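Quick setup: the structure tokens below cover two forms of a single protein chain, split into structure 1 and structure 2.
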Structure 1
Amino acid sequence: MSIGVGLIGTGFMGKCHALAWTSVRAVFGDVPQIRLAHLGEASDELATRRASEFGFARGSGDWRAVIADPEVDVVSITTPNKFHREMAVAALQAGKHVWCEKPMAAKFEDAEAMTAAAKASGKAAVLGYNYIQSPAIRHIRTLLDEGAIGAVNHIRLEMDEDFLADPDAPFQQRHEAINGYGALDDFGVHPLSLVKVLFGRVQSVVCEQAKPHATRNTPQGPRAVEVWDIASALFRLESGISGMLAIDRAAWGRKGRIQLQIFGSRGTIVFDQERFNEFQLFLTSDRPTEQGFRTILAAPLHEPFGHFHPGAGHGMGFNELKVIECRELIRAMEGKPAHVIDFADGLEIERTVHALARSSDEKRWVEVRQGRRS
């Protein structure tokens, strides 16, 4: 048995998917042979060049040719958000499994259509939320299940990067409303994926968005920025836990920060994606004379770290999280339990994003179930 892979899009995440497909069998050994069958790009010339670089058998300037190829069993979609619905639905209707990058879609009805297509197809349809695959995050889930820090009463999340901090940087695709709200769906979905796998559903939200730079330069002159680069929110989970979310795409000095703080009745857990090979743990069960945050280094005891490195302290990287996600996708394709955000879970995250945007517009608390905004 083998798996034929189709890839649409060869930017940063497209390359990341290609590396994951190339590495997954060597790392885990328990997956079928992988065939890099067909790559799609915006032109035949670029597709042929990228196919050669990435190791695909062929390349096409029409993404529909990738989906129609009988050698393709699963399609990786790494294109801009505005294309996700059309490509994902077409692939699912063609009987292909789908691995689609986040955010799911710019419009809620698009995410609904993608979820319906996945359900009707019976195929695996997984979203690219690779941060949930971190061995540290997986072990934090175990600590929570074991009650190591008691009853959780509050969680606090921050996600910051500085790639849009420079006011003189030119206008780019991320500034167009056609791709979503901005920071909320470009950034906010990642910490919300951690909330989803660690704590469950968000019940209600209140949010404020901000725009640090109202215009950006283009060759034709200044152009209005159509989205928001900063968002701050309070939320409450269905379980009753309170939370805070702060996201900023214009935060000088921050490169890949997702900080998660979990406060419980008997301790605290702190995780930061910029140092994702470790987390901090405070336990009230320690003697008062030694109480303090201890740093836990990721190690082979924290699955699936040992598949990459035999010893603690040998740090994993971003791309290796994608290899883990690829293996989980294959498990889903085989009908096995898989640690993924599928399209149904992704729809819940999108529902929360749209509720946050509605709250920002209406300046009030919004129930997530009623928070949909087209």
Structure 2
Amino acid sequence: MSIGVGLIGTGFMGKCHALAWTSVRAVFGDVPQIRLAHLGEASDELATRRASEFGFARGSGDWRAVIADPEVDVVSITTPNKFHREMAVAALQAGKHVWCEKPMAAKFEDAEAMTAAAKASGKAAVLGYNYIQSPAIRHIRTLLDEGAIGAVNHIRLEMDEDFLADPDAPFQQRHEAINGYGALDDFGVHPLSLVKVLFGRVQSVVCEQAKPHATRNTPQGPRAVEVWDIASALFRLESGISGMLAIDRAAWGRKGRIQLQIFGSRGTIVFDQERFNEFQLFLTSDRPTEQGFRTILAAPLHEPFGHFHPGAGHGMGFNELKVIECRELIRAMEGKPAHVIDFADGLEIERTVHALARSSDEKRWVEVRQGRRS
């Protein structure tokens, strides 16, 4: 038995998928042979070149050829998200498993259609929320399940980068409203994926969005920025936990920060994606004179770290999270329980995103169940 892989798109995430597919069997051992079957790009020429670089058997300028290829069992979709619906639905309808990058789609109805197609197909349909895969996050989930920090009563999440922080950078396509809300859907989905995996559903939200730079330069002069690079929100989970969420694409000095603070009745957990090979834990069960936040390095005891290195202190890389995700996808393809955000979970995240946007527009608290924009 083996798995035939199709890959559409060869940007950063396309390369990341290709590396994951090439490494997953050597890393984990317990997965089938992987055949890199067919790569799709914008032109035959580019597709052929990338196929050679990434080790795929062939390349096509038409993504439909990838999906139609009988050698292909699963399709990695790493194109811009405006293409996600069409490609994912087509692949699922062609009987292929799908591994699609986040965010799911620009519009809620697209996400709904994708989820429906996944359900109808019976195939694995998994989204690329790789931050949930790190050994630290997975161990944090174990700790929460065990009640290590007691009952959680409050959480705070911040996701910050600075790639849109420069006021002198020119107007880009991503500053147009047609591409979404801005930070909310581009970024917000990541911390929300952690909320989903660690704490469950969001019930109500109040959000405010902000524009650090109201206009940006074009060759024709200044043009109004139509999206928001900053979003901040309060929320309540269905479980009753209160929370805060901050998202900023214009936060100078922050490069890939996703800080998570989890406060419980018996302790506190802190995590930051910029140092995702470690996390912090405060426990009231420690002797009072020596209580303090422990900085715990990811280690073989934290699944599945040991498949990468035999010892702690030899940190994993961002790309390796994708290898873990790939293995979980394969488990989903095999019908086994898998630690993934599938399309149905992803739809929940999208629902929350749209509720946040609506709350910001209407300057009021919004219930997520009614939060979808009409």
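Values in this document were obtained by computation on a predicted structure and should not be read as measured data. Numbers follow structure 1, counted from its first residue as 1. If you superpose the two forms and keep the largest set of C-alpha atoms that fall within 1.5 Å, you have the rigid core.
The form predicted on its own corresponds to structure 1, not structure 2. Annotation: Cα of Pro80 displaced by less than 2 Å between the two structures, core superposition. Fitting the two forms on the rigid core leaves the C-alpha of Gln273 displaced by under 2 angstroms between the two structures.
With a cut-off of 2 Å and the rigid core superposed, Asn179 has a Cα displacement that reaches or exceeds the cut-off between the two structures. Core fit done between the two structures; CA of Pro170 shifted by 3.0 Å.
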